[in-house]
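Take a look at this one chain, the form predicted alone, written out in C-alpha cells.
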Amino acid sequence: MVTRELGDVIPVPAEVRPDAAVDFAIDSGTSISAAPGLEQVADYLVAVLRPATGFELAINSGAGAIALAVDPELGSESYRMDVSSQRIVLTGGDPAGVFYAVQTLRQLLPVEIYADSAQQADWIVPGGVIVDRPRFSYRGAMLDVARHFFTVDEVKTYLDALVQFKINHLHLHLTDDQGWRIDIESWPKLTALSGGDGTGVDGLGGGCYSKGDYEELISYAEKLFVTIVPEIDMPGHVNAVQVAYPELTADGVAPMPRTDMEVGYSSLVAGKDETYAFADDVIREMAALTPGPYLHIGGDEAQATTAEDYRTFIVRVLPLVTKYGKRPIGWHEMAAVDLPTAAVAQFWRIEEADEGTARAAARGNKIIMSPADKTYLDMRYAADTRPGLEWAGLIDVKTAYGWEPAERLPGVGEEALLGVEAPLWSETLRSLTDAETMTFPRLPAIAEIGWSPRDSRDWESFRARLAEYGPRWRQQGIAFHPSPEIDWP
C-alpha cells in the first residue's frame, strides 16, 4: 500500500506528474545499473538502501530495475525520475543531478528506510514522473567551528543530514577571536597556541583540524556533491591570530586570549607589511587545500578598523584570493569597496536595505542571501527555547520559510543572486545534538527556498511535508526541535 504521494518531498519538485495506476516495489530481486561515471552514486544508493531493506541490490552493467543515467540536456544538478511498475529510472543532467534524484527516492520510501538494520516494510515507490531542477546554484549551510569546534566525524554526520535536502555548499567558519581551527604550516603557532583546549566560548569546545583532517572532510563532501567553502575571517575577528603572533598587532604586544562572545574589538593593521605576508601565506595554503572555487575572507564586524584602513585591506587582500585561483566571498560589509566582478558579497544583516550590496549587484557582483532575521540557525525558535541567541529576533519555522530572497533588498533582484545560505554560529552550542536541534526543522525551509520554483512554495503544503520528516529524523538519530507549528506524527 502506497502511503506517500509522488510530490511529498522536501524541497518540493518543479514538476510532478503522478500515476496512481502504478507503483514500484523494491524487493530481493531488485538490481541497480549505472551509466559510466555514476558508479559512486550507485554505491551510495546501495549504502543507503541495503541496511533497512536487507536486500543485496546488486550493481550490474545491464538494465537494472533501478537505472541511473545521465542526459546533459536536463541541465546541471537537474534530474528526471520515471517510476513504472517495472522500473525506476533516475536520469540526471550530471552526476550531481542523479544524486539528488536518489535523495528524492529516499524520501518517497517508508520511514523505516533510514534504519540501520533490516526492517519489515513494503518498499513501495509511488508511480509517475518528476522533473526537477534547482532555482539557485548555491544552496548553503554554514557551520561555525571557531567558537565551538566540531570534529571530523561530527561534520560528516552533519553533512549526511544536510544533503538529504539538496544542500550543495558547506561554509566552514574556521577562525575567530576565540580560536584558530586549521593548521597553517607557515604560521604554526596559530593552532599550537590558539587551536587547543580552552579556546572555545567559555573555554569549551577547543580543537583544530590538521591538513589531513581537512582533506578528509573535502573528500567526504565531494562524494556527497558538496563544495566546502573555507572562511578565514579578516581584518576583524583576529584576536586568536594576535595571541599567537603579536607582530600582527599595532604595538607588538600579544592580547589576552578571549573566550567571551563580544565582537568588533580586534583588527589586523592595514599599514603593516606583516599583515599582507600573513594573509598571502594563509590564503595560499587554504587555496592549495581546497578544490572548490570559493574562499571566504570574512570582512564582517570590523569596528576596530577605520573605514580607510578597511578599504586598504580589502583592496589588497581580494587580489590574493584570485592570485591563488579562487573566487572571493566576503560578508557584505566588503561591498563598501568597489569589488572586482568575481567577488561575491554575502548579506547577513537585518536592515531592510543596504546601499553597498545594492551597488555591488548593480556592478555585476553576485550576492548570497543570509539575512539574520530569516536564516540564522543560531537564533532561538521562541523566547523559552535553548540554546541560541535572539539579537536578530526569534525565528520559528514559518519565519524561516516565509521570505523571498529576490525581494529582501532593494536593488538586489533574482538575476543578482548566487543563492542562499543558512549560517549556524556556535557561541551557545556545546554538542552536535545542539547543532542539529538548531538546524532542524528550519534548514529544510531554507533548502526549499534555494531549490524550488518561487511560485511553488506554500506554507501549508510545506508544514505537512515537514511533519512527515519528524519520524525520519528520529529513525536516523538526528536531533530536532519539535516546533509547535508542525503537526508531528
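Everything quoted here is computed from the prediction, not taken from an experiment. The numbering used is simple: start at 1 and walk along the sequence shown.
Note that the form predicted in complex with a small molecule isn't included here; everything after this is about it.
Proximity of residue 378 to the small molecule in the predicted bound form: non-hydrogen atoms within 4.5 Å are present.
The shortest heavy atom separation between residue 427 and the small molecule in the predicted bound form is within 4.5 Å. Taking non-hydrogen atoms only, residue 237 approaches the small molecule to within 4.5 angstroms in the predicted bound form. Contact annotation for residue 389: at least one heavy atom lies within 4.5 Å of the small molecule in the predicted bound form. In summary, the region of this chain contacting the small molecule in the predicted bound form, judged by heavy atoms within 4.5 Å and restricted to 210-218, 108-116, 294-302, 156-164, corresponds to 294-302. Checking 80, 366, 147, 135 against the small molecule in the predicted bound form, a heavy atom within 4.5 Å turns up for just one residue: 147. Of the residues given (225, 401, 348, 278), 348 alone sits with a heavy atom within 4.5 Å of the small molecule in the predicted bound form.
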